[in-house]
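Here you get one chain, nothing else, as structure tokens; it is the form predicted on its own.
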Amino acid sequence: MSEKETSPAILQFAPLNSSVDEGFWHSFSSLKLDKLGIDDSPISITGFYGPCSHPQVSNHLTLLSESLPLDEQSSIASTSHGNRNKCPVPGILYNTNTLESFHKLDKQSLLKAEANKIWDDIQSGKALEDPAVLSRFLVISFADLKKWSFRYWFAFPALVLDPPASLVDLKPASAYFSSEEAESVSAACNEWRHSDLTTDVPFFLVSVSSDSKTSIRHLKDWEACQGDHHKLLFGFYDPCHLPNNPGWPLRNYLALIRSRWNLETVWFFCYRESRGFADLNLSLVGQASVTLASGESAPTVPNSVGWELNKGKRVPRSISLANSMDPTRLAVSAVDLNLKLMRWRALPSLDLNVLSSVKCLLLGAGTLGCQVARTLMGWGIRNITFVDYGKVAMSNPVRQSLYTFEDCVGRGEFKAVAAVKSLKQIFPAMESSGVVMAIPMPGHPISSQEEDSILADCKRLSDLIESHDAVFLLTDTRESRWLPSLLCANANKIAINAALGFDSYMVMRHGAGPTSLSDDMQNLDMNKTNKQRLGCYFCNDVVAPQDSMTDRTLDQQCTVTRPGLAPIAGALAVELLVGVLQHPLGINAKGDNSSLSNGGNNDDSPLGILPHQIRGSVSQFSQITLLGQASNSCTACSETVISEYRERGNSFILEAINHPTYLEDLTGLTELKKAANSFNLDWEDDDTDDEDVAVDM
């Protein structure tokens, strides 16, 4: 009985606990979405801990945003040195792509692999040069980036001594050292902790001479410490606060001591602090008995333990950041998620920065405008400006997806204003604005009293086009698209046109402005753009745009189309824009035809072919792509028209508005029609002797 009472107790260690800062998960989410994708290779990370600094609270090993690698080329996490409260510890993160994979991980094998690294570092001497490797750790995790929830499990591998270490003595450091020694030890520890070179070195030697002088040295100086000390202790930063148990780092420390120096009796010093200075009342000094098992050799790899418990159970921890995040920030992350996932497998070359920075001007906020805006948002485009002068009518909300019944109660909200409000309700991070104005149109003469107002609208429209990167022409009438087409050609802006019939649709992209006038085109190799620029909406017309609104019946005044047309045409219009933005030639990209087996621009554009025009019919459930080159007689984008506009400015616009035939006269369409009307074919009888057909011009 007395033998049991006097036999040494097994040395028990207080487990190390983990703490993960929210910033780590935010940074890891960005790393996963933007760079790692489906790559589930292990990631080197850095944890941080320090000595206990409170008599009732232990320190944790913490992961911060800086715990992750600095960049995608670096497999080593960023390491902070010289910070007394952040001693860096190497770790490794195994993140799985599915929850099932997380549960299937062989945790025992992973733990053993990390423990073997610690043992190898002890045997090779690396642990003497960099003692932090004694505290290696690993984390397994699964990140659900749709719900912003994370499952994770820490392991702090500890080598199991066999037989286990026995605790011979353990007392406060203040009770172990004499008063002179205590004063000297405190001063030496404070000096060690306040030096940038040693403050984050968590394992060290404490040598106290017979005259009570204390020096603290690195582990690699073990040999130099022999024979010149009265007391020699193995010190370490102890994160534990318990008065009767040393912290977890001592386990592997004892394995190092037994393996490297074959010591059977070890005096250890659990260094703890108070208010940034050594606290010998809180710190502990203990004596442990460490013996080799019968027949054991030094190279034998010990067993290991170390998976962290969660409230006493062997289960992972979980955290959800959704509730703690700003709702707008959470919405931004969720909206970007689908686009970033595209880059994982389907479109690795997709340039999301181009999409997020582009500014889109939507001329028309009706059925097409609503559909285009919603699809632009889906592609991550956040800067949209609406131009429309109409108000929301009772018939609009069922067909125009940005409006509700409340928008048309009373006299109705202006569409440009209501659309902006709706976008911000759908996605608060949208940068959207609305402009209530009518677009000046040729064929709609104005009085002299209206000229100033019309010209002000022209100037405003020109400024809007200049300040945006892409323009969508989505208005109800043909003539309302003329001035925007001219201004886009003049400014060399991307213009996307969408128009609806009853059961048919047309979507097209305008080509660049006239080559000889565009500064951007001067140095362009036109061989790469098929030598001829693409046409605009008016290039195939042989008449100038005219008044199409006067003397119209009710069915002609309203946009009467099959309801499925606008979503189709709106989506195709946005897809055309995205294709242009992702193409290396941008607005100068040639037009592809789907009938071409090679797909034309397939090698250049990550999104496939980039057509010029798309025409479809829902009555036939058919769709074709067409190619049309720019016309020298176009009333909107020809060099003649652009030159006249640049030379005459406002007077040119007023003449085009007030004189229906002016544009035809200017571009030569009038002469062309005269020539066509005078072109007669006189067919001779079959038995005539004349071999030629007589043509009168």
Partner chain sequence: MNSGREVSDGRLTVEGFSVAARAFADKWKIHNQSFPPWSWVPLINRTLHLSNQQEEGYLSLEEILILSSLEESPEDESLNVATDCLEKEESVDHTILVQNQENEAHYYDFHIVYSSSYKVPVLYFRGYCSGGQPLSLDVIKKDLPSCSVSLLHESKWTFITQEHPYLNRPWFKLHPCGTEDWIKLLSQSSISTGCQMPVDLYLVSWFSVVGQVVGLRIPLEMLN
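Numbering follows the first chain given and starts at 1. This one's a predicted model, so the numbers in the text were calculated from it and none came from an experiment.
What follows is about the form predicted together with its partner chain, which we do not show.
- Task: Quick one: from R509, R533, R251, K493, grab the residue that has a heavy atom within 4.5 Å of its partner chain in the predicted bound form.
- Result: Partner contact (heavy atom, 4.5 Å) among the options: R251.
- Task: Taking 4.5 Å between heavy atoms as the contact cutoff, choose which of G380, G306, P131, G91 touches its partner chain in the predicted bound form.
- Result: For this set of options, the contacting one is G306.
- Stretch from 52-60, 637-645, 659-667, 32-40 whose residues place a heavy atom within 4.5 Å of its partner chain in the predicted bound form: Correct option: 52-60.
- Can we say C360, K391 and L572 each have a non-hydrogen atom within 4.5 Å of its partner chain in the predicted bound form? Result no, not one residue of the spot touches its partner chain.
- Item | 4.5 Å heavy atom contact, W153 to its partner chain in the predicted bound form | Answer yes; at least one heavy atom of W153 falls within 4.5 Å of its partner chain in the predicted bound form.
- Looking at the partner-bound form in the predicted bound form, is S485 within 4.5 Å of its partner chain by any heavy atom? Flag for S485 set to no.
- Query: So in the predicted bound form, does any heavy atom of K107 sit within 4.5 Å of its partner chain?
  - Reply: The answer is yes: K107 has a heavy atom within 4.5 Å of its partner chain.
- Message: Considering non-hydrogen atoms and a 4.5 Å limit, does its partner chain approach A456 in the predicted bound form?
- Response: Result no; A456 lies far from its partner chain in the predicted bound form.
- Could you list the residues in 335-352 that come within 4.5 Å of its partner chain in the predicted bound form, counting only heavy atoms and keeping sequence order? Read in sequence order, the residues that approach its partner chain (within 4.5 Å, in the predicted bound form) are L337, L341, W344, R345.
- N323 and S356, C-alpha gap in the predicted bound form relative to this structure (3 Å or more): Compared with the shown chain, S356-N323 is closer in the predicted bound form.
- Message: What direction does the N323-V332 Cα distance move in the predicted bound form compared with the shown chain, closer or farther, given a change of 3 Å or more?
- Response: Note: Cα gap between N323 and V332 shrinks in the predicted bound form.
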